[in-house]
Structures are given as structure tokens and as C-alpha cells.
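Just one chain is shown here, as C-alpha cells, and it is the form predicted on its own.
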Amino acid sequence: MDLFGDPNVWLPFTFAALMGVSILIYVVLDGFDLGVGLLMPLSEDDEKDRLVASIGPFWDANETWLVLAIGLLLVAFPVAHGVILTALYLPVAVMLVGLILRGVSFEFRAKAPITQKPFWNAAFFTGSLMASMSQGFMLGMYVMGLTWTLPHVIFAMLTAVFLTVGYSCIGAAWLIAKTDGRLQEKAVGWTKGGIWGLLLGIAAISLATPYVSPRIFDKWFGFPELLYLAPLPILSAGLLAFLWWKLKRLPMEGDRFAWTPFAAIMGLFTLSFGGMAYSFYPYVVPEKLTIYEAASAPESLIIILAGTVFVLPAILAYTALSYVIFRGKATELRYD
């Protein structure tokens, strides 16, 4: 296959890569702010404002990556968009309701009378839970080939729980970097607890993926294909060991290396996503539709690519700018 000479080949591959990167960035960035929302019930009343303040400047920009990923799926792979969204209509609807509830409660909790604040705190947690559980459910159903059978639904429910715990883990790691004092110490403990859910989720996906189809099984255990995949579990094990070792030494004097747990978990998400991309390529709908079969006409993709060349750097720029401007520790949340 001529990957770089034939536009019928390199254009679908390029858009699949762009879509994959957008999904990965969304999972990492919106994953941590969903995770912070999931930790609301574990925090004291005087700590909840700092949790919200730690994600306040970022959560809107983080969700842009989800819009970009779905937009790329629609315009570059319209047939796959129809198949995937039709199969996942219910969990997508739950996710959207959860994201809307999060946005509404985020604003109302700070502006409503003080007596109503607990209600909006609970709504913020509920929206975070709905969004994370639905995303985990969609992940499980996608791995299982988007077919609604009882075993597949049970597996998807398990991945929903594991991804939710994984989000809470990366959210807690974010709080280690963005807070200090007693709240930072609690965040270290939350991250330690979340590691187990993250590990179980990675293990569940890893055990199920090669048995989805003989093709994927051969990519995992055939030779020399086995050598291509081998670095991923080795690096993942190393990151998990490093993460646990670092958490046992935090917080450190002078708040040194407070970002390392977040960076390590981000690396774990990236390696796990890389393993899935390797396993399912070239299919965009597992074992049914490849990126080349589902792609729009090359003439359309060229036009879309020209627009993406301008849009993607802009999104990257304002995302990076927000993290630079609002770097440092989260302080008291104020609207006056």
C-alpha cells in the first residue's frame, strides 16, 4: 500500500491520525476535569471551591477537542459516523446531558444563594459521573464491535466503571499539582486509590481486545508483530512503578515534582490509546469498515485538510495559552 503517494490512502490515514490525536487529547484533558468533578463528594465544603477553581480556566477549552474529534469523524468518515453514532445513540445522549449539567452547575454553584450551593455541587458531581460513565460504556462497546449483546453490555459496564475511576485518578493527580497543604495530601491518597481502577481498566481492555477478532489476535501474538507491541506493556509497567514510587514520596519540600504523577498517568493513557490504535487499524468501525472504505472523496478531504491546517494550530495555541496564563496553584474561587 502506497501510504504517501496515493491520495486515496494518505488522506484517510491523515484524518484518522488527526481524529485519534484529538480523542487522546480530549481524554487526557477533559479526563482530569471530569475526574475533579468526581472527587467532589470526597472533599470538605471549604475545599470544593478550590477543586472547581483548579479546572475553571480550562474545562471549556478541553471540551473543544471532543467537538473537533466528532467533527472530523463526520466530515472525513461520514459512513462510519452514521454507524457509530447510531449504535451508541443512548450513551451519547447521556454524555451530552451530563456535559450540559456540568456546565450549568459550574456557573450556578457560584452565583446561587448559599443554601442552594450543596444542590449544585451534587449536580456538578452527577454531570461528571454521567459523562465519564457514558464514555467508558462507549469505549467498551466499541472494543466489542458495537454489537448489543448481554456479554458485550456487561463488559461495557465494567469499562464504564474503570474509566470513571481512571478519570478520578488523573483528576486527583491534577490536584496534586494545582493545590497545596491538606488538600494536596488528600489528593495524593486519592491518586493512590485510583491507580487500582486505572490498572484494572487497562488490564480488562488488554485482555478483551485480542479476542475480538482473529486479525487482532495475530497482531498481538504473531511474529514479528509481537515485537511491535511489546514496548507498550513494558513502558506501562515502568510508568506504574514510577508513579507508585513517586506518590509514596509526595508531597515533597518546596512542592518539587508535583507534576510528575499527572505526567505519568498521562503517559499511561497515551500508551493505552496507542495499543488500541495499533490493534484496530485500519478499521474505524471494528472489523466492519476501514478508514479507506469510510473516507470521503479525496477532493473533499483536501478542502477539509486546508481548513484543518488553520483551525488545529489555533485550538492548540489557545489551549496552550490558557495553561500558561493560569499556571501555578489554584486559589480561592471568586466571581466579584
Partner chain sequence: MDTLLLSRIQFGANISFHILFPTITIALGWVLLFFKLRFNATGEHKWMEAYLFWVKVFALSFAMGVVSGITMSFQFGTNWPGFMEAVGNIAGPLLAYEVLTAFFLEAVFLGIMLFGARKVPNWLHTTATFLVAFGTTMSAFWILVLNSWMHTPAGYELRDGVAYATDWWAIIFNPSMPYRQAHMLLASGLTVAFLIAGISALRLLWGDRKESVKSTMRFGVILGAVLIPIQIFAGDMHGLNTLEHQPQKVAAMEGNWETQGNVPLLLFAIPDEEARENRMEIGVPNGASLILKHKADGVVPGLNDFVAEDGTPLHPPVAPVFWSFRIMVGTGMAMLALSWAGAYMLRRRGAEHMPKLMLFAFSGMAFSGWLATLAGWYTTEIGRQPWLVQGVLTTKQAVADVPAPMVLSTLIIYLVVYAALIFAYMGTVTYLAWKASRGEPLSTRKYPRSGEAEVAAIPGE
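Note that the rigid core is defined as the largest set of C-alphas that superpose within 1.5 Å between two forms. None of the values given here were measured: they were computed from a predicted structure. Numbering follows the first chain given and starts at 1.
Below, we refer to the form predicted in complex with its partner chain, which is not included among the displayed structures.
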Quiz item: Hey, with its partner chain in the model of the complex, do E185, G197 and L247 all fall inside the 4.5 Å heavy atom range?
Solution: no
Quiz prompt | Partner-facing stretch of 73-81, 188-196, 165-173, 220-228, counted where any non-hydrogen atom is within 4.5 angstroms of its partner chain in the model of the complex | solution = 73-81
Quiz item: in the model of the complex, which of the listed residues (I234, A112, I154, A203) lies with a heavy atom within 4.5 Å of its partner chain?
Solution: A112
Exercise. Tell me, out of P210, P251, G103, G145, which residue has a non-hydrogen atom within 4.5 angstroms of its partner chain in the model of the complex.
Key: G103
Quiz item: Counting only non-hydrogen atoms and a 4.5 angstroms cut-off, does T14 reach its partner chain in the model of the complex?
Solution: no
Quiz item: Looking in the model of the complex, any heavy atom of G267 within 4.5 Å of its partner chain?
Solution: no
Quiz item: Quick one: does A122 come within 4.5 Å of its partner chain in the model of the complex, counting heavy atoms only?
Solution: no
Quiz item: Do D45 and its partner chain share at least one heavy atom pair within 4.5 Å in the model of the complex?
Solution: no
Practice problem: Just give me the residues of 164-197, first to last, that have a heavy atom within 4.5 Å of its partner chain in the model of the complex. | Solution: none
Self-check item: Displaced residue check between the shown form and the other one: A314, CA, 2 Å or over, core reference
Solution: yes
